[in-house]
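In C-alpha cells, one chain follows: the form predicted alone.
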C-alpha cells in the first residue's frame, strides 16, 4: 500500500475504532435514561443510577464531534489527496484559488463547530450550528466527491451527510431538551433517524471499500471496467518494441 492508500483507509479506520463503539455506548445510555425517566414518572424506584443522564450527554457530545470529524477527514482526503495532491506545486498553479477557498471553508466549518460546543446562549448555538451545517454542506457539494447519485437511496455519501447534519442539529438543541418536552421528542426523533443511518453507513461503507481499488490498480479498473454491465475487459496489448539495430550502441 502506498501513502495515498493508507490515508484512504483513515476514514473507515477511525469510524470502526472510535465512532461505532461510541454509537453503541450512547444508544445504551439513551435507553437507560428513558427507562429511568419513565420509572420516576410512574412513581417507581429505578435501579438505574441518576449519573446515567450526564454520562449520556457527555458521551453524546463526544459522538457528535467524532462524526463531524470523521466526515471532514473523508472529504479532505477526496479533495486534497485523491483528486489532487495539495502538496504538489502544480496543483496550486492550476487551481490555487479553488484550493485556498476549500481550505477556508474547512477552517470556518471547524471553527464554527468548536464555537457551537462552547456556546450556551440559544441565539449563538443557532448561529454556529447554521454556519457548521452550511460549511459542511458546501464542502460536500464540491466537484470530485463520489456521491453515487444513480443510487442515492443506498449512497454512503448521502447517509453520512444527513447523519452529520442531524448530529450538529441535535447538539445545538441539547440544552432545550431539559426545558421543553417538544424539543426532547425532536431530539429523540432526530437521533433515531441518525441511528438508522449509522446502521446503513456500516453496510454501504463496507460495500464501497470492496469497490475501491488500490492506487496502482485504478487506471486498469476504471479504464477497463463497466459499472452498468459489471464486466471488465483486458487492456489493449502494447505493440512490441523493435529491437535496436546491431552496432547502434
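Everything numeric in this text was worked out from a predicted model, so none of it was measured. Positions refer to the first chain, counted from 1.
The same protein also has a form predicted in complex with a small molecule, omitted here; what follows describes it.
Segment that reaches the small molecule in the predicted bound form - one of 90 to 98, 118 to 126, 138 to 146, 103 to 111, heavy atoms within 4.5 Å: That would be 138 to 146.
Exercise: residue 48 in contact with the small molecule in the predicted bound form, heavy atom 4.5 Å: Residue 48 lies outside the contact set for the small molecule.
Partner proximity in the predicted bound form: residue 208 to the small molecule, non-hydrogen atom cutoff 4.5 Å: Looking in the predicted bound form, residue contacts with the small molecule include residue 208, since a heavy atom lies within 4.5 Å.
Proximity of residue 134 to the small molecule in the predicted bound form, heavy atoms at 4.5 Å: Although the small molecule is absent here, residue 134 would stay clear of it in the predicted bound form, with no heavy atoms inside 4.5 Å.
Touches the small molecule in the predicted bound form: residue 221 (any heavy atom, 4.5 Å): Looking in the predicted bound form, residue contacts with the small molecule do not include residue 221, since no heavy atom lies within 4.5 Å.
Answer option from 195, 214, 40, 186, heavy atom within 4.5 Å of the small molecule in the predicted bound form: Of 195, 214, 40, 186, the residue with a heavy atom within 4.5 Å of the small molecule in the predicted bound form is 195.
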